[in-house]
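Take a look at this one chain, the form predicted alone, written out in structure tokens.
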């Protein structure tokens, strides 16, 4: 069956024909591609069309698809058993591997998804502080837990309002939504409600706004305010964790802010290597609040799954090799610089940015600093660019507010082919 036939069939049995909304191509229009297989830096759809892949399963495939060492580890683990519902040595090894690279955490709890990890981190922060209010930022996505499905415009909001049906207003009334990179709003929130705030949760590089960095003074001030008022600072590194650096985004900020550490860290994607696996971690003292030691309950039948941990461990082993991130970052910079030059030569407003193997770009003249500016960029031109690239065998994120990802499997030839396609598409825009 071709893509259109599969999409029609899928819509009969799956809402919107997809199991995660952005896959439906609603933001860009057209028919989603149904992927049949992937290898290295490429994917092939149901019609046999080959694509250079820059979504990488939305981030996890940092080594590319089907890396031999990872594949062997997964196959070996699968032969031993899919799931036990009991502890395994591999869970301990993966926890040790994560902690070894992230100085801010002393213990981690493994779970099965980024949403689960983010939800549990919020519960832990509330339990550890005895407070109810949380702060998140507009344009930052932390999974689809009820308390986090809230947005409240550009001003300081005392009470949040749900952005999803099925979330009662009283569930999100303790969620304050502020503008990303707005120092004045975070100052005001702590000035008026500091004693009630359990935590501040942030994407250090907002990959759900395409690619928007938290500014260093902003992160530094949040750290200071949390310390002053007894709140916890939560870094959601589901997307950036082990993707932008071996020490994750917090290590990038630590270079600019001496001694910087978040209180709680949330990980996903890369640590599972493509399998459903995520984690949250912090100090031993805060983690003592978590069941079975403390009153904050969290559990999961498939948490620490033996096949997923094998995949994650093999991935972490490969990315820990000397020079890995230098090479990955150079490839990503090469891609973004090439796209920027090609757009400039075509006379098209375009800006891009990257860190490690994560990148983003906008059809505008300056890098956006918050959600409202991102959404004001040229969406229609992005959509035409997306489809032009897709028609030429380059698979980018199908929405202007999603980041892109380069893997270790991308070759110089892949980058060159991508830039050739971009030059051809820019000429039509």
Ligand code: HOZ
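Small disclaimer: the values here were computed from a predicted structure and weren't measured. Residue numbers count along the first chain shown, from 1.
A second form of this protein, the form predicted together with the named molecule, is not displayed here; the remarks below concern that form.
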{"item": "Heavy atom within 4.5 Å of the named molecule in the predicted complex - the one residue of 135, 308, 239, 234 that qualifies", "value": "239"}
{"item": "In the predicted complex, the residue from 58, 395, 34, 382 that sits within 4.5 Å of the named molecule by heavy atoms", "value": "58"}
{"item": "Contact of residue 22 with the named molecule in the predicted complex (heavy atom, 4.5 Å)", "value": "yes"}
{"item": "Residue contact check: residue 208 to the named molecule in the predicted complex, 4.5 Å heavy atom", "value": "yes"}
{"item": "Heavy atom of residue 45 within 4.5 Å of the named molecule in the predicted complex", "value": "no"}
{"item": "Close approach of residue 218 to the named molecule in the predicted complex, 4.5 Å, heavy atom", "value": "no"}
{"item": "Interface segment, criterion being heavy atoms within 4.5 Å of the named molecule in the predicted complex, picked from 368-376, 386-394, 37-45, 22-30", "value": "22-30"}
{"item": "The named molecule in the predicted complex - contacting residues of 125-146, heavy atom within 4.5 Å", "value": "141"}
